[in-house]
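As a starting point, one isolated chain is supplied in structure tokens, in the form predicted alone.
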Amino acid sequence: MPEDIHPKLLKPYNPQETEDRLYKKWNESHLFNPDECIAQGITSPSAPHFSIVMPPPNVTGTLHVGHALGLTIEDIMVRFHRMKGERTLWLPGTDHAAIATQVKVEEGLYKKEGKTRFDYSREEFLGLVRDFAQNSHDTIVNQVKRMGASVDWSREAYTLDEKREKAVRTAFKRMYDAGLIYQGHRIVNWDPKLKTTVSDEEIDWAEEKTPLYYLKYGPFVIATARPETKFGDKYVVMHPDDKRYAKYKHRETVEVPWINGTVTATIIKDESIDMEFGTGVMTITPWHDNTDFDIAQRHTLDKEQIIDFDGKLLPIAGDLAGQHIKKARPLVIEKLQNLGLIEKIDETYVHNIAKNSRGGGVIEPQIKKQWFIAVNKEFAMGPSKINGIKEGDTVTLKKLMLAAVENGQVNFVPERFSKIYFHWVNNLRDWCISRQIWFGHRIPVWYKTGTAGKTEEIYCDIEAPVGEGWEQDSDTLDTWFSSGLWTFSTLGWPDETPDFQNFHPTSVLETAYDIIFFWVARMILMSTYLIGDVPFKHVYIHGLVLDGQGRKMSKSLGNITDPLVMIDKYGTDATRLSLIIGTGPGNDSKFSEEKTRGYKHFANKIWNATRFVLSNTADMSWDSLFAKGANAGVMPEYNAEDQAHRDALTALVVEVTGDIENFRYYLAAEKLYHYFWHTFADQIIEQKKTALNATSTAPEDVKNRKSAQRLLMEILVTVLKLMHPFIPFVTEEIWSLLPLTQKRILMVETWPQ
């Protein structure tokens, strides 16, 4: 082995010794920051920009394997565009995740001390939540760094910090003044366990086998799985085309014996009724069911509350008032049986019940005064960069959300997810944005109460009103309200900052398909209204990460693979490759220790091949490999065989570049893996050993030896650059060991042309 080979290369590659050191080197270079890249002449102020915001992890714990996949994809994007010389910004941050974080803290308090938040003052409890969030944040930041994420830490944001607070209040104020945020009584998803509303998208549906009760309701038989909600039912609804009930007229009344005595029931004909379900006729409970509420709205029917906000029956239930609905059901059934009002019971019925995804509480729909965003209200459009919509046009928020994707300004990758987006937006209801929890952005509305106990004044603004007697609304905003502003609040909006002007709209949003509704749609809503432009140009969707057997990872199966454990064992590069190879956009993928272990061998293969190349090119000038202008031509000419290999390398550069530009990261990574291992290491190096070992001084033998040396050098340099976005640590370490005097860190070297 030649003496000038770096001593590090004489030992096996050790990611544990390398990765923390290299990340510190990158970070201390400040070249994650696009401003510093301009200052150091690495890119130009006039170069195209590439910007993404990190989907902010919730400060509820630690990162999981899905986060690791997202970070890998985003880092590939960013390192590629940075090497292309673009003004590249990857802005990091975390999400306060209001309900999720508060639930974590409350569960811990109850488990440890048997206390709830109501055992503390609001500020005392919020102090506990902030401490929890900060500890989680610190853990997450360390994990993001372990993944090699080249984010600009100088711009780190938090959805609940002071700058985002200003953005949230500005957005609320503008939408409130425009009449797009309103307060009203509508049916909402109420969680009696957490004592708060939750959005439709925060509900998990679980199958439940339960009896279906067929009850006698005067001349009708109705089917219900929830007899405990039926005390106030005084409307019987049927389809207008149902011949079985043709003799009954719309709005006709009939006297029927019921749970607590005779009621006057009104016949309602409505086309929403499923004639095939049960007997084709139903009574409705407008206060506690979304479908029933809609029917009541269409026909201006009365609505009466049966269940209170703690899940207990109200006085309308008579002698069962105060009973929790779980305990009330068998008592109601007993009462109905005694009255002879049960026709039959189907014990095989299966239906879905709604549960809060945070905390697991069973949802009880309630009509409650809440804050909403009106998605169907018309207004005059302000300044607009939305194709087909100009300033002054009459639009709705829903129309803006549809237009941004319909006109191609926002593109989904894969495109099939746009259909899911359109279906959701077309069926979008007014968005309930208020939550009855303590952690989060408090609604910027204040009330002044008069002597009679009535509200005399309402004040909405960014800052609190001056003077005494004002009390702020106790509710907080849905966490998706603040995260909906993420692409522009992180860049300084509502101020016209250089970052906002230089990097918005962002280039790509990378996220999982399960939050298209939660987040992607709401970001488009907020950006198109508040800015008059789209938040991003592309939405790259990744799927779920499954275990090696193709099963969803879960604690119950005991198959959760911690990416940080894999990093500790096999290194970040191996972990990243195991996440990205075989993972097409929008598709679920498999991740296992066996797969990760295999890619650890790849890092060693690159290391060993580098040692071979350096040991066989010690007499060559590596700097001349990059000679330009007057120095060009210093390197030896290729022979025909090596020129063919050089042409194949050029084709690889073109293919890999095209794959990355078109979001085919899995293909690019796989091609590079196979090229390096099977073409370069197994074939080309083996083929060139004869020429490299030749001692003859014959001109042809010398030419072939020099041609082989140049080929090995050029392939190694080129492929290290191509592989860097995928496996940044081992490539950067090897790059630092190459005998090049004129080089920057690999992270900002020029992408091969």
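This one's a predicted model, so the numbers in the text were calculated from it and none came from an experiment. Take the two forms, superpose them, and find the largest set of C-alpha atoms that agree within 1.5 Å; that set is the rigid core. The numbering used is simple: start at 1 and walk along the sequence shown.
Just so you know, the form predicted in complex with the RNA exists too; it's not on screen, but the next bit is about it.
Enquirer: Quick check: do Phe132, His299 and Asn376 each get a heavy atom within 4.5 Å of the RNA in the predicted bound form?
Expert: Looking in the predicted bound form, the three residues Phe132, His299 and Asn376 all stay beyond 4.5 Å of the RNA (heavy atoms).
Enquirer: Answer with one of Asp659, Asp430, Asp568, Asp161: the residue that has a non-hydrogen atom within 4.5 Å of the RNA in the predicted bound form.
Expert: It is Asp659.
Enquirer: Sort through Glu208, Glu670, Glu304, Glu165 and report the residue having a heavy atom within 4.5 Å of the RNA in the predicted bound form.
Expert: The residue from Glu208, Glu670, Glu304, Glu165 that makes the contact is Glu670.
Enquirer: Is it the case that Arg611, even though its partner is missing from this view, gets within 4.5 Å of the RNA in the predicted bound form, heavy atoms only?
Expert: Yes, Arg611 sits close enough to the RNA in the predicted bound form that at least one of its heavy atoms falls within 4.5 Å.
Enquirer: Is Trp519 part of the interface with the RNA in the predicted bound form - any heavy atom within 4.5 Å?
Expert: Trp519: no, not in contact with the RNA in the predicted bound form.
Enquirer: Would Met282 count as a contact of the RNA in the predicted bound form, using a 4.5 angstroms cut-off between non-hydrogen atoms?
Expert: Yes - in the predicted bound form, heavy atoms of Met282 and the RNA come within 4.5 Å of each other.
Enquirer: Any chance Glu113 has a heavy atom within 4.5 Å of the RNA in the predicted bound form?
Expert: Glu113: no, not in contact with the RNA in the predicted bound form.
Enquirer: Which one of these stretches, 248-256, 114-122, 86-94, 416-424, sits within 4.5 Å of the RNA in the predicted bound form when only heavy atoms are counted?
Expert: Going through the listed ranges, the match is 416-424.
Enquirer: Heavy atom within 4.5 Å of the RNA in the predicted bound form: which residues of 581-610 meet that condition, in order?
Expert: Sequence-ordered list: Gly582, Gly584, Asn587, Lys590, His601, Asn604, Lys605, Asn608, Ala609.
Enquirer: Is it true that Ile420 shifts between this form and the one not shown by 2 Å or more at the Cα, once the core is aligned?
Expert: Not so; Ile420 is displaced by less than 2 Å.
Enquirer: I want to check Val445: does it shift between this form and the one not shown by 2 Å or more at the Cα, with the core superposed?
Expert: It does not, since the Val445 C-alpha is displaced less than 2 Å between this form and the one not shown after the core fit.
Enquirer: By the 2 angstroms cut-off, has the C-alpha of Val375 moved between this form and the one not shown once the rigid core is superposed?
Expert: No, shifts by less than 2 Å.
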